[in-house]
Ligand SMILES: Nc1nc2c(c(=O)[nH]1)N[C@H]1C(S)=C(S)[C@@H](COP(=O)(O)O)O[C@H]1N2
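Starting off, we have a lone chain in the form predicted on its own, written out as structure tokens.
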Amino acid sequence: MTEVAEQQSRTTAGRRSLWTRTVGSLSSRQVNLLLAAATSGAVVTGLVSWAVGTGWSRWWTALHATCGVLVVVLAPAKARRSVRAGMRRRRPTRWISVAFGVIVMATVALGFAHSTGVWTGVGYWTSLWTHFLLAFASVPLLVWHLWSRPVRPKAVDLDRRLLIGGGAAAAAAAVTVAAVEGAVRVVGLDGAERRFTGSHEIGSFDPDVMPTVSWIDDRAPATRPEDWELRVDGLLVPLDDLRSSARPVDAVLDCTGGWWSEQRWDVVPISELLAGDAASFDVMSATGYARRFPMRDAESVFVAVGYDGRRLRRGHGAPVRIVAPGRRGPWWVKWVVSIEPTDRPWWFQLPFPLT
């Protein structure tokens, strides 16, 4: 038994030695630089994966997860090198740094809970939405942290230790992400069935089950359907004409709140309502919410007046909403009152509406 114990001890020591020779050999400056890169990368890749609804966003989602896990991998080195020293200085702002660290770790934990399906939230308040809210809250703290404790890269930092240690940490993060993905599928957790965007399925082909969420402070207008007016290029389009021309199209609504739902929508292509040589077209909601689309997408973006032969529910955008296959939820404008051509490029707008 003694020989076995000694062998296990030598193996454990070897493992520690390997980690110490790589990540453990990084200086405090190098750890801080890697953490700054990881947190900044997590913010950027998270925004891209949140915005894009096409297949290539899966790579951004995977990179986002890797950046998040990299923060966790580097956290012990950060705590050992910098956090203890910072707390001993007893600066009043140290508690802001502590709050920043707690928010970052909570953000990572919520991302893990959502991606695995261990916890997806309560009702329409999803774990992913909370993950995003905490991430947004951490951004000003990240900016303050980098500004108040600037760590400017120096040539001396770009040495063999950074290459080996940083590479080992990144590799450990990537392996961890892959291992968790594999375990989720083997165990059969809900996360195994999520879409490439990370969203979980809810109520496909059952409009009564599909959630009725809105963007930030949007509220369903009180206007009755019979009093609704839709104007396209300045001309009034009767709802009865839309309903008589509508035909079914299956499309996936992938909400940025972390769920997706496929429905058979009753739609009319924008191209049948709007013609001309304009560069783009603006879609306006009765709430003031608006999105601009490139005119080349007029054939693949639709106005919907129902689903599966039934009229839309008020919470789902009745009487008229946009159906935009391949785009995330913020592009699916509800309660549409106008569609107008414009010469402004479609990208000349905020990536996400502020309200």
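In this text, residue numbers run from 1 along the sequence as written. What you are looking at is a predicted structure, and each value in this text was computed from that prediction instead of being measured.
What comes next is about the form predicted in complex with this ligand, which does not appear here.
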Partner contact for residue 181 in the predicted complex: this ligand, 4.5 angstroms, heavy atom: no
This ligand contact in the predicted complex: residue 201, any heavy atom under 4.5 Å: no
Close approach of residue 74 to this ligand in the predicted complex, 4.5 Å, heavy atom: no
is_contact(residue 287, this ligand) in the predicted complex, heavy atom dist at most 4.5 Å: yes
Candidate stretches 192-200, 207-215, 161-169, 238-246 - the one whose heavy atoms come within 4.5 Å of this ligand in the predicted complex: 207-215
Position in contact with this ligand when the complex is considered in the predicted complex, options 173, 273, 230, 255, heavy atoms within 4.5 Å: 255
Selected contact from 329, 46, 319, 325, since only one has a non-hydrogen atom within 4.5 angstroms of this ligand in the predicted complex: 329
